[in-house]
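Coming up is one lone chain in structure tokens, specifically the form predicted alone.
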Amino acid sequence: MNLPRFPRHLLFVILLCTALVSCRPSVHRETRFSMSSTLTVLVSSQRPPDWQDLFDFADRKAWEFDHRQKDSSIGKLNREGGGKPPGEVLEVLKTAQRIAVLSDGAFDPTILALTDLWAFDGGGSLPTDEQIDSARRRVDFSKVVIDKEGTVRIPEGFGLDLGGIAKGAVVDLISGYLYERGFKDFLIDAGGDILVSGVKQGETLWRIAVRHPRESQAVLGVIPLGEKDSRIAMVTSGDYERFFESGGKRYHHILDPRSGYPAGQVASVTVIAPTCEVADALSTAAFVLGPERGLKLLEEFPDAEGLLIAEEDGNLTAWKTKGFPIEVDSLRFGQE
């Protein structure tokens, strides 16, 4: 049988295209349970990372921020009334204090007395007004002192709960882990706390869906994110994440530290920011503040953009910062 003979220049082009295709990085994916949620990591590279080592790293870092673990960094601070935590934990606590100040306490890292009272980790429990009033007297970020040497002092009866920022902080640490090992293009999703780095397969932006707050299988829109040699995060806080019902009323887990009750002005807040810990804390703060004050906080915070969704009489309304990459008119509120 006679095989066709290709001109040399055409054969060179064919070989070059084959080589380019073979050099195109693959997308390696792994999902495991971590941080009381699912942690999914996608890495665009010729080789996958050591998945076991990566998830072990994530679990170790998450443990340090877990106030429920008496020997974790936060657990020790609460148990001993202060101390000098590791640098990574100290920096997150400083960020939490900063956002607490800017949000006038809508975000408060000393909310432990209230989160313990509502017990959402155990399925939820409706406290009395008197119990809430008592717990509120032990919530006040301004009473926590961090000195120049990095020593933290917590008043007696107070406690830290970094649940509104810790997951984002761990995502940032996982990002650093991957970067240190030569991985530049990846996506990390820790139950809705998302960070993207670089681009997918050398050329494609990562596409992130904004969940519909009332239809679990629907999305409001899709945001292309990513830039070569750059990282950016997107976090959504919603009243649909953890909740319980009592007496025909629904109570969700995003508490207003100032009232002691679940915040009730919006259904979800999506924030885009340079780091996941900042996006995490800002989404909580804006959720508690509501549309007007929450939008103002996001507009004034450097390099942050946001989308707030509220529901009234079954109808959804949206507000966004000027730079948020989806127009309100394009949001898909109805059934798809």
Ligand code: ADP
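For every residue, the number given is its place in the sequence shown, counted from 1. Since we're looking at a predicted model, the values are computed, not measured.
Although it is not shown, the form predicted together with the ligand is what the next lines describe.
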Just one stretch in 225 to 233, 70 to 78, 246 to 254, 140 to 148 has heavy atoms within 4.5 Å of the ligand in the predicted complex, so which one is it?
246 to 254
Touches the ligand in the predicted complex: Asp193 (any heavy atom, 4.5 Å)
yes
Quick check on Asp108: any heavy atom within 4.5 Å of the ligand in the predicted complex?
yes
Please check if Leu298 has a heavy atom lying within 4.5 Å of any heavy atom of the ligand in the predicted complex.
no
Spell out, yes or no, whether the shortest heavy atom distance between Gly163 and the ligand in the predicted complex is within 4.5 Å.
yes
Please tell me which of Leu307, Cys276, Val41, Val288 lies within 4.5 Å of the ligand in the predicted complex, judged by heavy atoms.
Val288
Heavy atom within 4.5 Å of the ligand in the predicted complex - qualifying residues of 269 to 286:
Asp280, Thr284
